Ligand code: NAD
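Below you'll find only one chain, the form predicted alone, shown as structure tokens.
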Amino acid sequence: MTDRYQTFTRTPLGKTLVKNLGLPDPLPLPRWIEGSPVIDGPVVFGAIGETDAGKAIQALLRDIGAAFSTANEGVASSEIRPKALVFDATGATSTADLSSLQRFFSPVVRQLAPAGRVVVVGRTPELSSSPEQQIAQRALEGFTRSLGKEVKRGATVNLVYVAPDAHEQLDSTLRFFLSPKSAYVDGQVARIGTGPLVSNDPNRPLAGRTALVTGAARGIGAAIADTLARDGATVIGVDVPQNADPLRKVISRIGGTELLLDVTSVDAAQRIAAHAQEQHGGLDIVVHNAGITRDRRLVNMRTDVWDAVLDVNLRAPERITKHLVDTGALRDGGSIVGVSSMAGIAGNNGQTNYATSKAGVIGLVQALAPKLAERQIRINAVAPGFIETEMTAKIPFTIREVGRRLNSLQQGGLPIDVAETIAWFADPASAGVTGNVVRVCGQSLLGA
């Protein structure tokens, strides 16, 4: 769906009104296209001391061919117009070290290029070696979330916490946050733990993998299927029989296989496992995308309406995940991704059933992550905010416009933004990324 206001702001009249009236000025966000570099401009790197994480960051910047300079106190505004600012704060051991944030960012952040990237890398607070270090590291969240609301022109700010001895796992996560693939991911915190090192082709990271995507016939589900196939995966698309035609179009486009079933049926998990094992030898990636809304205020909600939403959005993923793991249909080293929602974090009027189900998806991730780690299976979730889909197109105009503008990027996201985040989770090189819930919401002003 076209954002007509955003189109208007690009016209001469629109630019004049935006400037004179202080109206929102949502810069069109560039998305990744095949063949483009991870980052298309200079990078300024700063650090608190010399650390293993800092060395890994600089090695990555060299590997992706980024032109980067190092500075502990930013750079003079006339010297460079950076596309990205990357700061290694893992060396912060006390709150005294936090002054380095101001000294590095203040001189240069105003010069950040349009749609620029700011990434701060810190030490996982709970794994700090002292209370003083934990305090300093936890403070980074307030800094990055606030800076994300200060930078303009489509720029994003994100924080990556890395566990001790996990610096070698930074590669896939930094590639994601520095690239246009993370265009609508802003003000987020990702946590990286230890895991096996996986070397693969960054352009086809899912080659040889088989992925299951539920609700794959249209919208976000179709974008997920397209993106995983682009990255090399063979995709099994699942949807209800009444969506057979659109599902067939998606699968014929990407060369996967289709499976028509209702995920809430008693034999859904068994049929999925049988199809995956018979047709593909098993699964490596499971994306629980299928979901429905049945909005009513709680005082007007019937039991069957409540149960329908919980069954599709939460109980089915829980049941299917358990069966695929228990039977081995999901291979060791695999990845599970649940699609939650901002409603599951902040709540929403008239969506008690939907918000309950989506908060439950977050609970599923948090409950299973430590248990599945024994088999090196990762589980994470995305929580989309306002995404331009057929569903949001039906929202009344005024509410729709508020939803679009009520985030740091002042616009709605696209289905590809959700899909790219899921592809990052699914990448075998993201072996240390598990137990995360990342909002794809442009740093919505609602929720944590």
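Predicted model, so just to flag it, every value in this text is computed and none were measured. All residue numbers refer to positions in the sequence shown, first residue = 1.
Just so you know, the form predicted in complex with the ligand exists too; it's not on screen, but the next bit is about it.
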### Message
Looking at Arg319, Arg145, Lys152, Arg218 here, can you tell me which has any non-hydrogen atom within 4.5 angstroms of the ligand in the model of the complex?
### Response
Arg218
### Query
Only one of Thr93, Thr327, Thr264, Gln111 has a non-hydrogen atom within 4.5 angstroms of the ligand in the model of the complex; which is it?
Thr264
### Query
in the model of the complex, do Gly46, Val162 and Ala190 all put a heavy atom within 4.5 Å of the ligand?
no
### Query
For Gln410, is any heavy atom within 4.5 Å of the ligand in the model of the complex, or not?
no
### Task
Report whether the minimum heavy atom distance between Ala290 and the ligand in the model of the complex is within 4.5 Å.
yes
### Task
Classify Lys358 as contacting or not contacting the ligand in the model of the complex by the rule of any non-hydrogen atom within 4.5 angstroms, answering yes or no.
yes
### Message
Met391 versus the ligand, in the model of the complex: is there a non-hydrogen atom within 4.5 Å?
### Response
yes
### Query
Of the listed stretches (167 to 175, 122 to 130, 232 to 240, 103 to 111), which one has a non-hydrogen atom within 4.5 Å of the ligand in the model of the complex?
232 to 240
### Message
If you apply a 4.5 angstroms heavy atom cut-off, which residues in 308 to 331 are near the ligand in the model of the complex?
### Response
Val312
